[in-house]
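Below you will find one chain, with nothing else, as structure tokens; this is the form predicted alone, and questions on how it binds or moves follow later.
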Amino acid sequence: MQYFLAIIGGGPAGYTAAEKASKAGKDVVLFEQSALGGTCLNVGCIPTKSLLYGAKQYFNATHAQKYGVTAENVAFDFSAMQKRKTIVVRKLVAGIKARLNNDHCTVVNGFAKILPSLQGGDGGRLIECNGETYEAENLMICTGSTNFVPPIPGIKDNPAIWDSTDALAAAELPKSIIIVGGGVIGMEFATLYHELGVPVTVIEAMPTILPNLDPEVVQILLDKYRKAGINILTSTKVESLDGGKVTANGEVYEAEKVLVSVGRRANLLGLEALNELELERGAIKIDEFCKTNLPNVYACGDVTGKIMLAHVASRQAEVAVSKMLNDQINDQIVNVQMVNYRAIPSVVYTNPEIASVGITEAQAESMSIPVEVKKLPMTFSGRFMAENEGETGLCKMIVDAKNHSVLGVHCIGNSCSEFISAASFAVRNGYTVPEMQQVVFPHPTVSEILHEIL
């Protein structure tokens, strides 16, 4: 049997593509060597957020007195948190299986390897999995990414070293932890362990944590976490590891566990037969429709190295499948929209949360775009004031000084993750300040800050 589409990888990009193509009546085969849902659902976004929510409940209970609530003998059960996390993941994986349960979609569990191209020039592809060979008209590579292991002396075969997958699977909390890397993953784990009472040290080689985000927003989080007792070292390079001892900038720091979280790299295993596949900075190079330089070969998700976020992967998959379907009938359906990378929202699930979309003030300056920067404390929202005692927060809006369009929004304050999509709409569609002023936000909500700031 020849399939319309073969997909390698069952993460957000893979299962989204499989669902979209199969619902269009096209025969699809999806290969996944582990569990449907990929890194995000199984050992990333969802399990992390499940544990973070549990930690937040405990943290809020122990700090409830500022709201007039007294709670005595508050405790947490980490094993119960882990059990709940597992249940959440299983339910969501089951949901994905249900979405792919149709006559046009075949799911194969196993490691898939691409075979040399078919002879005859028809562009078809052969994939081997579990000793069976599958043929497809189109191929989509959604093999994701893996944790990057830096070449630090002492890191190999060190029982004290964790990556994010190890940390999520741990049956018990460490007595103390050093986190190497102050990016998104590192700071979310720092939040989790700190709120559960574990002494935390974060070591970041860059001059600041979360270096890709708005510096003013990040500084608020940095100041709060340092005041709360998290030891955050910036401009500090790890030189060597010896068990739980970390030597950095000539100083030695020690903890029971060392979580190394310094980024991820595209996973290219199984793609060796595509020896002419064009790469860019170690990831698969794609065009605006997620097509590679090879005919009928697409790539979506982390393996493209674009923006390593689950919602980006899903959107890439939607665009790629739409392009495949249109190409088959000579673009007679509708024009396929491209992925708008400048309007991708992102969230850091610290406490408080950070949410952003579009360019920062510094990026605008580097691009020689004259801008007007509007900013307000989140306390201009009544709902925020009512629910965030002692917090100030910040919302920044970057506006084009010439045409007054919204170029970026950057916020710190709890609940900002739930309204950053509204800002994403504005950036995506080029809304101007006068147009934004006409949008009515419900009262009282934290989202009103997007109106107040205008």
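From 1 onward, residues are counted along the sequence shown. Given the structure is predicted, the values throughout are model-derived calculations rather than measurements.
Just so you know, the form predicted together with ligand NAD exists too; it's not on screen, but the next bit is about it.
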Problem set entry | Within 4.5 Å of ligand NAD in the model of the complex, all of Y193, A228 and P377 (non-hydrogen atom) | no
For this session: Consider Y253 of the chain shown here, and say whether it contacts ligand NAD in the model of the complex, taking contact as heavy atoms within 4.5 Å.
Result: no
Problem set entry | Any non-hydrogen atom of I185 within 4.5 angstroms of ligand NAD in the model of the complex | yes
Exercise. Does any heavy atom of G181 come within 4.5 Å of a heavy atom of ligand NAD in the model of the complex?
Worked result: yes
Exercise. Going by a heavy atom distance of 4.5 Å, is R264 a contact of ligand NAD in the model of the complex?
Worked result: yes
Exercise. What is the one choice in K26, R428, K49, K56 with a heavy atom within 4.5 Å of ligand NAD in the model of the complex?
Worked result: K49
Problem set entry | One residue of Q82, T236, S314, S117 in contact with ligand NAD, assessed in the model of the complex (non-hydrogen atom, 4.5 angstroms) | T236
For this session: Name the stretch, out of 290-298, 316-324, 200-208, 267-275, where some heavy atom lies within 4.5 Å of ligand NAD in the model of the complex.
Result: 200-208
For this session: Note that ligand NAD is not shown here; using its position in the model of the complex, name the residues of 147-171 with a heavy atom within 4.5 Å of it, in sequence order.
Result: I152
